[in-house]
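In structure tokens, the next block holds one chain alone, the form predicted alone.
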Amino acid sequence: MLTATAVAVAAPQDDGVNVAAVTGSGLPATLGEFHFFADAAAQRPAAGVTPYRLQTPLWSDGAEKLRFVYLPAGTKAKANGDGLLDLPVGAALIKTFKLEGRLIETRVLLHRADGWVALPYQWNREQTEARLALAGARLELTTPQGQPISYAIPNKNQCKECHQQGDAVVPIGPKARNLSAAWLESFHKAGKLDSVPKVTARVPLWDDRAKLAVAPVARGWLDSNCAHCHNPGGSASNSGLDLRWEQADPVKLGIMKRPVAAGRGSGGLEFDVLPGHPEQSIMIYRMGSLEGGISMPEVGRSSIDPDGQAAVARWIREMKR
């Protein structure tokens, strides 16, 4: 059974971060033990911890997300084309969720010598500390749209549902195509990235979706919200869907594709995507459901993403048959 374990205080702290907490085998009981923040309540990062944002993020009940990356002193990330930055052992990705104007949880991904470890931390009411929540938690909260929800902090194993590729846990967010050119340039100039990756087609900035072409907006949303499972190495590979940004095969995107053992998840509809008819497309049906066995994405949300659903529906509606 997994249990939280204390982390040696006498850890190397060349830049303020407790390197032993990141790289050791223990499971720090509190977020504070990592020293990722100079002011955790204000989410002000410590030296060596860099904030970043994604062009189009994964939607989580409308929660505001604050993202940070930590690299040990003297190390660099490696560019990998359009794909995930290759982060060195000792690196960490930190993501804090805010709802109702307060910190709810912080998820950390720690790159240890034997692979990535995903840990969730739940903030206390006083907003002074976040404690390891290996079993996850349920919280009664309200979305920014005013909808009451039963918000889920994932348990340690549920983290793998999105982050597992084959037998390994991997990051899913910081792909070069989903990071701005300006941020990548600044990360390189700061000596934290070996080169500025050449991105062939960047995922659009979600905030600009109203003035952009519909297809890249929808494809960007699918890449960020669905492709970590719906890809050839993901947990939903048996669906036959590959919703990655770079996928160009219409059938693998679900267009005129019949479902594979979707059961009642199909809603009695024939195709994952029926051009011109979002109301007859399984993809929209599942995005609009909160029922177990039907809802997609199936984890990480307790409400429907109205803007994401609208973007994908418009893409299908304007699709030529």
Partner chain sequence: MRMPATLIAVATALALAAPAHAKVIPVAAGENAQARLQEALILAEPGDVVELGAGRFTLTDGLSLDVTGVTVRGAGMDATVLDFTGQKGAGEGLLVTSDEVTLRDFAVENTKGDGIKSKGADNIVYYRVRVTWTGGPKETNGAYGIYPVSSTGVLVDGCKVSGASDAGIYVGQSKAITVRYNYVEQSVAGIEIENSRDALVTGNLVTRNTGGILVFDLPNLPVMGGGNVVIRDNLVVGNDTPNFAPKGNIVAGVRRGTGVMVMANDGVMVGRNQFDGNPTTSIMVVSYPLAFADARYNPAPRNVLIGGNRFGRDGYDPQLPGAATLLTAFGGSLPPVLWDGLGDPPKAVDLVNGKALSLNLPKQGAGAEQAKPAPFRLPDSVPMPPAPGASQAVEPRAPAALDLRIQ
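Numbering follows the first chain given and starts at 1. On a predicted model such as this, the values are computed, not experimentally measured, just so you know.
Just so it is clear, the following notes concern the form predicted together with its partner chain, a form of the same protein that is not shown.
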TL;DR on 31-39, 263-271, 44-52, 62-70: the one with heavy atoms within 4.5 Å of its partner chain in the predicted complex is 263-271
Let me test this: is every residue among Gly83, Pro144 and Met287 within 4.5 Å of its partner chain in the predicted complex, going by heavy atom positions? no
Test of understanding: in the predicted complex, would Thr128 fall inside 4.5 Å of its partner chain by heavy atoms?
no
Val251 versus its partner chain, in the predicted complex: is there a non-hydrogen atom within 4.5 Å? yes
Point to revise | 4.5 angstroms heavy atom contact with its partner chain in the predicted complex for Lys78 | key: no
Q. Does the 4.5 Å heavy atom contact test between Pro57 and its partner chain in the predicted complex come out positive?
A. no
Among Asn238, Thr200, Ser195, Asn124, just one has a heavy atom within 4.5 Å of its partner chain in the predicted complex, namely Asn238
The one residue among Ala181, Ala213, Leu134, Ala190 placing a heavy atom within 4.5 Å of its partner chain in the predicted complex is Leu134
